[in-house]
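For reference, the chain that follows is the form predicted on its own, supplied as structure tokens.
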């Protein structure tokens, strides 16, 4: 990245630091961005994928700043990316090497993300004494196990459905990324009467207009490693999931999966952004122009970080679920009311809300004056 390219990511909020980590002994290559710590130490996940870029980590760290501020948490935003295949046999070695490399960076609290899980966080805590999203056996609230982000998406859907005239009972649902986020979200929405019609993962996608048995789909994925193991639905190209008819679309995997190349073909009424930065700026604007309600990522998918914060501050699982429901319902309503009343995109309303909270925190810190 050239100096000019770096400059375009700098603004009045951050980032505070960008660090490249390399350990030739373990093979570790990683990127860490601490964006803003005015409200407290940064908190954000450790992503593991072979194609992570600095720009991706920058954008994700800023999303965490906004997410933590939007949720009213005493934390700033940060993010880390380890450049490696998450299925490598060297995973524990790389995770532990990463942990040792960030030992002295106390303003960053790591949590699980795409390619990492509660076990990875236990390895990190074993090395440096700090991590969130830990296994229950070591006193954590395993946010993936309890489906924390999924619970938040359902709370968001309950409020957002009022703003787009959608009845969740009978609403058809498509989930891109049937994993730690999409899987519990699908199950919980089906419990509220929604009908799952499409699902995908990294190995393929399926579609059944008359509905997919979500519990049977979970069993098939456990047995075969993919949603394509569910035989009572038609296999389809993963990218076609965005063009299939549905009432609710949940992108819950990689960034920018909704973009200018497919946004015109999206046929949903409501988009719940389960992944971080799943839509490009232009695509979000076009969804709004087409009358499709898209709830921004850092409002809709904040359940995981809310759970992590409750864990970090000594709370239990019941307290975490209560906080998730209360905060996400309140913030979704506040953002969508502002969007409607001011005639702006939901993201513009959400960013304004979060920025006000970050800027207020910055006025109280001598280092930001």
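Treat the numbers as computed from the prediction; the structure is a model and nothing was measured. Rigid core (definition): largest C-alpha set, two forms, superposition within 1.5 Å. Residue numbers count along the first chain shown, from 1.
Missing here is the form predicted in complex with ligand NAD; even so, the following discussion is about that form.
Chemist: In the model of the complex, which of 86-94, 161-169, 268-276, 124-132 comes within 4.5 Å of ligand NAD (heavy atoms)?
Modeler: In short, 268-276.
Chemist: Although the partner isn't part of this model, could you tell me whether residue 221 comes within 4.5 Å of ligand NAD in the model of the complex, counting any heavy atom of the residue?
Modeler: Close contact exists here: in the model of the complex, residue 221 approaches ligand NAD to within 4.5 Å, heavy atoms only.
Chemist: Answer for residue 247 alone: is it within 4.5 Å of ligand NAD in the model of the complex, judged on heavy atom distances?
Modeler: It does not: once ligand NAD is placed as it appears in the model of the complex, residue 247 has no heavy atom within 4.5 Å of it.
Chemist: Can residue 144 be called a contact residue for ligand NAD in the model of the complex at 4.5 Å between heavy atoms?
Modeler: Heavy-atom contact with ligand NAD at 4.5 Å: present for residue 144.
Chemist: Is there a heavy atom of residue 179 lying 4.5 Å or less from a heavy atom of ligand NAD in the model of the complex?
Modeler: Because a heavy atom of residue 179 falls inside 4.5 Å of ligand NAD in the model of the complex, the answer is yes.
Chemist: Is it true that 263, 296 and 348, all three, sit within 4.5 Å of ligand NAD in the model of the complex, judged by heavy atoms?
Modeler: Not a single listed residue reaches ligand NAD in the model of the complex, so no.
Chemist: Go through 195, 283, 253, 101 and name the one with a heavy atom inside 4.5 Å of ligand NAD in the model of the complex.
Modeler: None of the other options qualify; the answer is 253.
Chemist: Out of 189-217, which residues reach within 4.5 Å of ligand NAD in the model of the complex, heavy atoms considered?
Modeler: 200, 201, 202 sit within 4.5 Å of the partner.
Chemist: Could you tell me whether the Cα atom of residue 45 shifts by at least 2 Å between the shown form and the other one after core superposition?
Modeler: Yes, the C-alpha position differs by at least 2 Å between the shown form and the other one.
Chemist: Quick check: residue 60 between the shown form and the other one - does its CA shift reach 2 Å or more after fitting the rigid core?
Modeler: Passes the 2 Å threshold, so yes.
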